[in-house]
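Heads up, the chain shows up twice below as structure tokens, two forms, tagged structure 1 and structure 2.
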Structure 1
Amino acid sequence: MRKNGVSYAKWGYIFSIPFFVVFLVFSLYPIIYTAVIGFTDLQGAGRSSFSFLDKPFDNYRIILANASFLQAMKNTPIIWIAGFIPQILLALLLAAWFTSRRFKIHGQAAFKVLIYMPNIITAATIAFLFRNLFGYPKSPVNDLAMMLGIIDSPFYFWLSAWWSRGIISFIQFWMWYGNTMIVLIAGVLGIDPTLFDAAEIDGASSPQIFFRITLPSLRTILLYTLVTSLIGGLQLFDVPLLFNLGGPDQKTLTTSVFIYNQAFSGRYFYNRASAASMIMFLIIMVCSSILFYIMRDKDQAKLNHERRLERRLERKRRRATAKGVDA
């Protein structure tokens, strides 16, 4: 952009410098530093000097043989998947209902406000609140279950591995399905309405419209939801920590809680915690790259195909006009 001989290009750089510098210092450098620490002997409270190990992958070897880490590697995906599947299914169902032309649901605004609410409340508070709601021997859930005659004596939820996992997954589901629902509703409203008109004229049923038009149109948004949920779910920290400290018997220990315990909870194994972080980093990056690849591949292919068609049409048109001029 050059006007009156003045170039404004430098302002593009100047305005981007704060972001760039802060990112380099506070995000990129810590990532590299973490990766480096993973190859050193950095342990012990208050230490920050280190030397590299003779066998560089020793910390990785120790971590990959650590029973707690392996247990956490198992727990984390179980807890994430158990929360994510109901989250996406219920969000889809609600999005379909709220955008339905046949049902015309009233009071949607109020429902959305209430259903979305848990999403903005502090996860730590919610986790500790649920710990109290499911307490033993006196707690609202135990009292309610006894009042309804479901159980005769109070149940010790915190001591049951599957109940603890289930409650943590439920908290994740409960905090996030409203968010996913709103995102999906926006996605459905963004679909070209003439597609639905055409389908209705052709006599398609509601399920047919949902599975043949709505769902395929939402593919990008669904994959985006999947990737962000995966990245968040595999770093799950606040809820398992505050609900049950990873217990009982490490059955709700997630990899992030494990990393925190290794480095900051009286042990100060900075090097091993770094190695564990890098393993998780790698897993998350590989998983999301695979998902992105699947997504990009198809969209790009479709786009390229359309472009090719357009170009061919353009060429035909040009040829036709050229002929017209000749004649």
Structure 2
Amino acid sequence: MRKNGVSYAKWGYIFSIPFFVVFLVFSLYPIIYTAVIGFTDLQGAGRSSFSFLDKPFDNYRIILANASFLQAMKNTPIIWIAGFIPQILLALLLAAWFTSRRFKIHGQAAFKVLIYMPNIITAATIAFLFRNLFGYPKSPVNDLAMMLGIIDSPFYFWLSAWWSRGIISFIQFWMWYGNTMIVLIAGVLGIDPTLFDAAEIDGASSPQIFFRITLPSLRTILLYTLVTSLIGGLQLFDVPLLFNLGGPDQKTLTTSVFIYNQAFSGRYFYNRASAASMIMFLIIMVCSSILFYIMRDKDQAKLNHERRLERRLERKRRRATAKGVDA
């Protein structure tokens, strides 16, 4: 594009250079370096030199046979799913409530700020807050439960695997449902309002409008929410580390905490931590691809497939015509 002698395309490329420089230095290089040292003998605090292993996949074999890593692989999806399901359901409900054309909610801005506020607080702060709320032997939750007669003596929440998992899942839900709600509200406001007008004229009820118009139109937004939540859930680190250090009996140990322990404690197994990181990277890629496939627009995919077939047939006709002319 050129206007008044100015090439806007050129300036667009120039202004995008800082992003690419930052991405190459702080994202792409660490990813490549991590992938490389997963095939080496790099371990030990302060060590920077390394050599490649004779059997390059030894670190991956050791990690996949590690009982702690396998336990972390079980814990991580359990904690993520237990927090994500109520998160997306409540976010959808609140998004439908705040964007309803039939119910005029007063003070929406204040409600949205209060709901979104937990997302602003750092995860470390919230982890310490809940650690004190559910402390032993004295804590607000224990004192309240004893006062109401629910328990006779203080309960050690941290020693219960399911209580620890449940509290961490609740923290994730509480921190992120407001952010998900804001994203979904933005998606609903982007839907053509004439669709809602036509549905109301036809006498559609609120549930029918939500399930027949709103949800199908939010397919792309829901895909974004699912993928970003999946990535964040599989990389869950600070809350389980600070809340219960992965205990009890490694029942709240996540893959990110396992990787941290491998890299920065004991013998500093940087190579094994890198191998575990790349395994999680591949798992996230596969899971994201599956979500993209499941959430795809089937009608659009069918139309694109038909167009590709038409282009192939057109190329074949052209080749056949060219051969006939040559003959």
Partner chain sequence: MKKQKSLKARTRVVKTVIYIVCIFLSLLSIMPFYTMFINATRGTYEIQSNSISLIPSTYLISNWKVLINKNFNPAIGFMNSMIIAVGATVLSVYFSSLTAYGLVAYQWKWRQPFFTFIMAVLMIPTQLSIIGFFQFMYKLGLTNKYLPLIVPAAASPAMVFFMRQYLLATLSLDIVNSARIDGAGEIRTFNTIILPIMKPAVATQAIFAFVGSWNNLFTPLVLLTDRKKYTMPIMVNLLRGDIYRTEYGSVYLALSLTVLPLFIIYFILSRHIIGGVALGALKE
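Computed from a predicted model, the values in this text were never measured in an experiment. Rigid core here is just the name for the largest C-alpha set that superposes within 1.5 Å across the two forms. The first residue in the sequence of structure 1 is number 1, and each one after it adds one.
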Identify which of the two structures, 1 or 2, is the form predicted on its own. 2
Rigid core superposed, CA of Ile290 - does it shift 2 Å or more between structure 1 and structure 2? yes
So if we fit the rigid core, how much does the CA of Ile14 shift between structure 1 and structure 2, in Å? 4.4
